[in-house]
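In structure tokens, one chain follows: the form predicted on its own.
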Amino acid sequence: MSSVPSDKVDVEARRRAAKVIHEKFRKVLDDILKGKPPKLVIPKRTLANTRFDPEKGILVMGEDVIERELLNMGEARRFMQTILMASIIYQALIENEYPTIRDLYYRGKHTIVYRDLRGRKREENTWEEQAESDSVIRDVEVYTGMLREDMLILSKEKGKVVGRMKIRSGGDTIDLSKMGHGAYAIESTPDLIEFLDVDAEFVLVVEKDAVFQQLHRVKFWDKYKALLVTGAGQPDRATRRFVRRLNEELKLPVYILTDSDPYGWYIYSVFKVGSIQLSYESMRLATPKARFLGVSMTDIFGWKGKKPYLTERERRNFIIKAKDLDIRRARELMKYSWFQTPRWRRELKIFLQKKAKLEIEALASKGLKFLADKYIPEKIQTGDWIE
């Protein structure tokens, strides 16, 4: 665990998070002092307690809760894990530390030795694998109403951004148009980033890092006044929050470019409506106004008056046969209420009929200029996207 100087923004965020944790968990102590059985009332993070809110355009958590009681044998272990994790996070906040989720796993992992009712010696670990401690962190998030990023918990940086904008982070001013062939790695605490000079007209989120790099090398972002972002596959939370802020605070339209397959379309939906696992924070992570730019089935095969971007010969060369797993995934998407619009029903039906998919790189193989100077700008200019 590293200890580094904080700037003013960090200090304020740290104090705010520590105060929330102290107040929320102080209620447990108050119950004990009053002679009441201590318990934590936490919203359920389950599929059954997640619903799509059509007015907000995002996934939200329902009203079901679970009462985690210390004196309930079925809940005691998780109750103690939650208290332990909250205390470690609180300690890190007040000591000016920046723990990673891996740090928290090791900080809390130890063996408890006790004797059972028959006097036999027993041992039990606080948690076994990191997946278990990560789940406890999510419980702390739900209980406190804060993201782990609000608590200055770090994770591996995955997303990248480049474009005509300056930002301030950690007291330093960074010009995102002066990154050479590299790009700015979106930090784990994106709310601590301050947006300064912005000379961009839209945000283009690219699923694949390789395609992001290609577009960056030809300075697509400079020619078309864009902020170019990638989540390098399934996006991490920091990237999703960063994109949300660009749309919400700067009023920049957001376009998503993915492979033409159910997994690429799901990545778009994670940006747009949120994910089931993190539905409790969709209001901060999802971008309901995000638009799916492509690649769509109608881009490949055409539709009525719409001319396909690929010739019949190119389709034979570039199309990949869909696997059974792809087909099952497409059928799952068809059940999601946010994929029930006429346009998405059409796209999914064409996919199931053709049993074919296409990678973004197939368009780049027609020439990078085709992707950068025809396909993307043409679709934006003509409004050929899906919402």
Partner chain sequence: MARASSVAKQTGKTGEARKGERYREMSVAEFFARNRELAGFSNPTRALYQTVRELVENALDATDTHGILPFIQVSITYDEELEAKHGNAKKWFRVTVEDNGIGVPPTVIANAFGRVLFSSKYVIRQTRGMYGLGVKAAVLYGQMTAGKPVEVYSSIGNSEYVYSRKLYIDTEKNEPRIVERGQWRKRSGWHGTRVTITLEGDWSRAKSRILEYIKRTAIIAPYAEIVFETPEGQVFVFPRLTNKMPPPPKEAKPHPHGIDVNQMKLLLQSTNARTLLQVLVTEFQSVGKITAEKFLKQVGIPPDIKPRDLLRKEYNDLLVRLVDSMKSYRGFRAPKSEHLSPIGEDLIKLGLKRMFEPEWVDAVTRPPRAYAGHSFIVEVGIAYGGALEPVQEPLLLRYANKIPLLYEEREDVAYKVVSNINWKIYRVEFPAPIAVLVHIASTKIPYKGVGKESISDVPEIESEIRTAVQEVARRLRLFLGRKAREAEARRKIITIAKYIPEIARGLAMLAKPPEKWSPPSEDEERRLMEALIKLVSRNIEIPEIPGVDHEDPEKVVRSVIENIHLE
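Positions refer to the first chain, counted from 1. Since we're looking at a predicted model, the values are computed, not measured.
One more form of this protein should be noted, the form predicted together with the partner chain, which is absent from this view; the next part is about it.
Trainee: Where does the partner chain sit in the model of the complex: which of 85 to 93, 145 to 153, 222 to 230, 185 to 193, heavy atoms within 4.5 Å?
Mentor: Heavy atoms within 4.5 Å of the partner chain in the model of the complex occur in 85 to 93.
Trainee: Taking the partner chain in the model of the complex as the reference, which of 320, 334, 327, 32 has a non-hydrogen atom within 4.5 Å?
Mentor: That would be 32.
Trainee: Closest heavy atom of residue 21 to the partner chain in the model of the complex, within 4.5 Å or not?
Mentor: Yes, residue 21 sits close enough to the partner chain in the model of the complex that at least one of its heavy atoms falls within 4.5 Å.
Trainee: Is there a heavy atom of residue 375 no more than 4.5 Å from a heavy atom of the partner chain in the model of the complex?
Mentor: No, residue 375 is distant from the partner.
Trainee: According to a 4.5 angstroms non-hydrogen atom cut-off, is residue 65 in contact with the partner chain in the model of the complex?
Mentor: Residue-level check for residue 65: no, no contact with the partner chain.
Trainee: Does any heavy atom of residue 266 come within 4.5 Å of a heavy atom of the partner chain in the model of the complex?
Mentor: No, no contact at 4.5 Å.
Trainee: Let me know which residues along 90 to 119 have a heavy atom within 4.5 Å of the partner chain in the model of the complex, or say none if there are none.
Mentor: Going through 90 to 119 in order - heavy atoms within 4.5 Å of the partner chain in the model of the complex - the hits are 90, 91, 94, 95, 110, 111, 112, 113, 114, 115, 116, 117.
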